[in-house]
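First, one chain by itself in structure tokens, the form predicted on its own.
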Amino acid sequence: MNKLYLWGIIITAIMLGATYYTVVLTKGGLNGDIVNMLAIAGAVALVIITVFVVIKYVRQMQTDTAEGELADESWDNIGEYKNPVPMGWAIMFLGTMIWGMWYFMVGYPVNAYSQIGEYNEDVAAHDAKFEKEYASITGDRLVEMGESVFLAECKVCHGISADGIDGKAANLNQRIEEKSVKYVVEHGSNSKLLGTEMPMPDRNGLFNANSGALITDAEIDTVSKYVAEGFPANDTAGAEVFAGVCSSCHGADGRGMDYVAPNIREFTPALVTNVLTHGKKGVIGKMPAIDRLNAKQKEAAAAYIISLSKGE
């Protein structure tokens, strides 16, 4: 027997033996699972086909000589023969297509059982049960739930006390910081704080109605401090800039307008929920959306954050 064929048989036996040892002796067998059976069948087929192809082409390199009609095209004076597709390749190609169609339609159709599908169904059922069980929770119990959500999902960035961990994230004990106000005024915003695409223009689109000119650096500093400090009554300069530039969208009291601009005086359930749903980009960086929370959990997190900013 040719040494090449002998080595092919030995390698095939070793690989199939290793597969048998791993699946049957170590993992406890196929357990009658069609997915396991198909996986092993595919592994066996790959081993045999791979060894066969390697032997064929190594043998062909040992014995064959180039012959046939050259194609008209060449690349760097390297030509290609007009040889037909090898019969073995054609059979394997056709067989793979037939097996693929059988696998998706009969062997393991896309609508068949899967562990991922079962997990998704269980999660959906649990979420539905959760929504029904906790739908009526309000008041202090909602805040308590929100604290649990915050500690599980938010404290990594915002800190246990929600202080933002020295600027790593926003300080949620106040509505907005001066640097954040200044960033938004200078660069604009499109963070879906109203739940939809309602972008705020950058400084090149912000006019002061009192002066009839674009907002200035000094006015940006003044209004940023005014908003961040909670609209103090004694800051007449800040109030004047806010009235001339910001009040037309955010309202005279800074509590926003529906479908126009968000509340910048205090947190609201809708505002926090939209940030959790869509994420937010600001002076610190980009906060990702928290997709794994359901609607009630977002409502609870909002209630807890609102309680922090009020000092409750």
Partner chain sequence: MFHWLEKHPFFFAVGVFVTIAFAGLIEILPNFAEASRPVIGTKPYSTLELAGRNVYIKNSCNACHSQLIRPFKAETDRYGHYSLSGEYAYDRPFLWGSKRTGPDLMRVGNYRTTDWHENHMKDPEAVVPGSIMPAYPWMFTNKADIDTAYAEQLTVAQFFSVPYNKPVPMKDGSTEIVKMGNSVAEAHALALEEAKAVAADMKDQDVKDAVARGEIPEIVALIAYLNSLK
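Remember, it's a predicted structure, so these values are computed and weren't measured experimentally. Each form is matched to the other, and the largest set of C-alpha atoms that superpose within 1.5 Å is called the rigid core. Positions refer to the first chain, counted from 1.
Unshown form predicted together with the partner chain; subsequent notes refer to it.
Considering the partner chain in the predicted complex, the lone stretch of 207-215, 116-124, 186-194, 220-228 in range is 116-124 [heavy atom distance within 4.5 Å]. Interface membership of residue 287, defined by any non-hydrogen atom within 4.5 Å of the partner chain in the predicted complex, is confirmed. In the predicted complex, the partner chain sits within 4.5 Å of a heavy atom belonging to residue 281. Using a 4.5 angstroms threshold between heavy atoms, residue 153 counts as touching the partner chain in the predicted complex.
Though the partner is left out of this view, residue 198 does not reach within 4.5 Å of the partner chain in the predicted complex, counting heavy atoms only. Heavy atoms closer than or equal to 4.5 Å to the partner chain in the predicted complex belong, across 256-280, to no residue whatsoever. After superposition on the rigid core, the Cα of residue 167 moves by less than 2 Å between this form and the one not shown. Shown in the overlay between this form and the one not shown, fitted on the rigid core, is a CA shift at residue 217 smaller than 2 Å.
The Cα shift for residue 72 between this form and the one not shown, taken after rigid core superposition, is 2 angstroms or larger.
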